[in-house]
Structures are given as C-alpha cells and as structure tokens.
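Here's a solo chain for you in structure tokens, the form predicted alone.
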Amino acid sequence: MPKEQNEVRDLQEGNYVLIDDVPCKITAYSTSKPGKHGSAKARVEGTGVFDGQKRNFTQPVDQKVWVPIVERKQGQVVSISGDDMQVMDLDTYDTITMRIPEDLDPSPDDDIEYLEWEGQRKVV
C-alpha cells in the first residue's frame, strides 16, 4: 500500500490524505488556536479521488495521518469497445482496461493522463 505518514500541520489544500482509508484531495483546511482544553486542532475537508464523495476529520495538528502516494501517469488509448477502453501505459507499456468517463470522448491514439493508487484508476 503506497502511503506515508505526515503530521496534520503539514497538509495543504490540493494535497492528498487518507480519510476513512479512502484517498481524498484536500479541498479545505482550517486550524483553531490552542486553548484551555488542549492543543490546536485542524479541520480537513476532502473529496474522494476515485468516488467523488466528501469526507472530513478534525484532529490535533501534531497528530500523524496517512498520506497516499497517488501516481499521475500517461497513457495512450489503444482501442474502444462499448463503455470501456484499452489504454497502454507509456512508461511500462502495460495494457489496462478502463471505464470511459461520461465527459470524455476518446478515440484510438489519443494521449490521456490518469491517476493510479492501489489498482484504482481515474482519467483526469
């Protein structure tokens, strides 16, 4: 499982973080001051990279969280059949089958960019 640990204070909007074991892109990050009842807290809101669901958590800023290592890869569309397309990874030359997103109209020989984490892939 490609991931690493970081402190909550090191997170920024646009980074990735695991919320409920799902890789999420951080959409909002806010902190509160330390006070009478403990250390400073951070509220992190994110959107699932592969499912699009919103998630959030609140933790002390010195707490460790898991950060997924999501890879951005280049591919070339080899063929299209129905709602699926075969894509060849331009680094490893592996051929993978991916679902065609609704807003994309690919044709063979098109170059695409996709995100990959633990066997999950999404065209961007």
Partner chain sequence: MGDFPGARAALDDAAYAVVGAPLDVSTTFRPGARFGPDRIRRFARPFDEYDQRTGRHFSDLACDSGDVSPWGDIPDYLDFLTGQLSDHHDDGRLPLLLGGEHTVTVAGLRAADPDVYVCLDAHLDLYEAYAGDEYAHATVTSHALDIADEAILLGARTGSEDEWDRAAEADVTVVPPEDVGGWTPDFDGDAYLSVDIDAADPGFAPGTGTPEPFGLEPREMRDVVRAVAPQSVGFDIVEVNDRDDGQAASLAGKLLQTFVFAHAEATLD
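Residue numbers count along the first chain shown, from 1. These numbers come from a predicted model, not from an experiment.
Unshown form predicted together with the partner chain; subsequent notes refer to it.
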Contact of Ser30 with the partner chain in the predicted complex (heavy atom, 4.5 Å): yes
4.5 angstroms heavy atom contact with the partner chain in the predicted complex for Gln86: no
Partner proximity in the predicted complex: Lys41 to the partner chain, non-hydrogen atom cutoff 4.5 Å: yes
Interface membership of Lys64, the partner chain in the predicted complex, 4.5 Å heavy atom rule: no
Region of this chain that lies against the partner chain in the predicted complex, out of 64-72, 95-103, 31-39, 77-85 [heavy atom, 4.5 Å]: 31-39
Sequence-ordered residues of 55-78 touching the partner chain in the predicted complex, heavy atom within 4.5 Å: Asn56, Thr58
